[in-house]
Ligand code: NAD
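Next up: just one chain, as structure tokens, the form predicted on its own.
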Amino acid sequence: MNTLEVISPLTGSLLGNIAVADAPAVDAAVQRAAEAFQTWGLTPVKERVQPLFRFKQLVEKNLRELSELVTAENGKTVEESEAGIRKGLEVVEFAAAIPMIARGGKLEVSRGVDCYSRSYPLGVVAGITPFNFPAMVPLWMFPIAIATGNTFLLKPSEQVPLTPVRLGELLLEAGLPEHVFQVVQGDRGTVEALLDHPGIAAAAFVGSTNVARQVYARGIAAGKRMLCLGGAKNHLIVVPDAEPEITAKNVVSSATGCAGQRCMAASVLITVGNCDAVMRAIEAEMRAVVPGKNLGAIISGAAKARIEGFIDRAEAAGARIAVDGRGTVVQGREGGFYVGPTLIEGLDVGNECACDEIFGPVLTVLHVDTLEEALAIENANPYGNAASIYTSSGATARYFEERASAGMIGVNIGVPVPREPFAFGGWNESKFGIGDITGEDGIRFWTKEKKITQKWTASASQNWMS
């Protein structure tokens, strides 16, 4: 069996090896999940959610250990790791409340005739998750999927395989029956085996847009229900009435948090009119971000080189690199992969830094005269995860909210991730499929609805409409 090395971005050192699941191994996992589904799918929902209550408590009890594990294999700060886990636990709480939420409906549609609906699980389902949130993104998927009665196969990124295994151990400790949740490790071949397997009814994916498009097409071709979340190029717009200090802290936090390796990170800042005070504050705030202290590592050496390549080409195109994060080395972690905070100005709106997802702590600044110009730039980008505005005017905020082309909007918030029960999901090429991954859309994605019409009457002369 093939194996893959797991490298810590913090130091470049080897954390361990994982075995790659080939098609026969995937098939064996599906068969185990299918057998477990025969019991789990018929378990009353109020019983199914009980392990989730205990799981949440166990995650909280082991929060420090889990946070340090996320940091070791992903490179973000421990505080960022903990925040991601806590955000994921919100979905666990939501899933545990499904008996109170997904109760179905019943109506007497005519005399003696009732219509009602019931939700049923799909069967064996799968989640394919990225490197940037080893705990949070899986927690968007499997709690709702298993609470609604499915059995779940998780294929995490081969770069961060350790945290999901620990989550699986805690699920078993919480009383979840064996094989209701399984982790299947591997690479592209493992993903393809999952998508092609006829025993898997649905799959969700989070990753880059190019891969999301391929995964969606392959899963749909195999007859699966699919929801794939892709990349982003999120725009933050600052107008002259924005409060400089608060705006600067928020913008820089959005751009550099998790080393910019999140699909909700600020990527392009558009200033409208005279925002010199805000820009001075942003540049000062950027310089206060210290790699290895309040800025984590990049996931790999290849990713570091790719990010620095964007900065190199921007400079060659005549950009001003106001804050330059290239060549960053953290003392004591010389083998780690770090890019410092970077602020780029003076580029054309069509430059790759203003259009492509860099996925690093790099913020490109564009300057325009009007809000309409800023919105035109935001609307023209093919993605649609997030867009935010910084303003003191409610009217301006509402104008922006109604016209920005993104599924998640922020007002004076640079990372507008909804809190449960509001669902996470973007628009345009940031999503392939219908609905969102969490909230009530998550329940709908992992279930199918059965509608029942019934009549109890002693009169044979009445038809079904009577």
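What you are looking at is a predicted structure, and each value in this text was computed from that prediction instead of being measured. A residue's number is simply how far along the shown sequence it sits, counting from 1.
Keep in mind that the form predicted together with nicotinamide-adenine-dinucleotide (NAD) is not shown, yet the notes after this line are about it.
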| Which of 94 to 102, 388 to 396, 149 to 157, 328 to 336 sits within 4.5 Å of nicotinamide-adenine-dinucleotide (NAD) in the predicted bound form, heavy atom basis | 149 to 157
| query | Going by a heavy atom distance of 4.5 Å, is Val206 a contact of nicotinamide-adenine-dinucleotide (NAD) in the predicted bound form? | reply | yes
| query | Do Gly231 and nicotinamide-adenine-dinucleotide (NAD) share at least one heavy atom pair within 4.5 Å in the predicted bound form? | reply | yes
| request: Give a yes/no on whether Phe131 approaches nicotinamide-adenine-dinucleotide (NAD) to within 4.5 Å in the predicted bound form, heavy atoms considered. | output: yes
| Quick one: is Arg188 in contact with nicotinamide-adenine-dinucleotide (NAD) in the predicted bound form, heavy atoms, 4.5 Å cut-off? | yes
| nicotinamide-adenine-dinucleotide (NAD) isn't shown here, but in the predicted bound form which of Val113, Ala322, Val211, Ala202 has a heavy atom within 4.5 Å of it? | Val211
| task | Have a look at Cys263, Val124, Leu139, Val362 for me and say which one sits with a heavy atom within 4.5 Å of nicotinamide-adenine-dinucleotide (NAD) in the predicted bound form. | result | Cys263
| said: Suppose contact means any heavy atom within 4.5 Å; which members of 20 to 46 contact nicotinamide-adenine-dinucleotide (NAD) in the predicted bound form? | reply: none
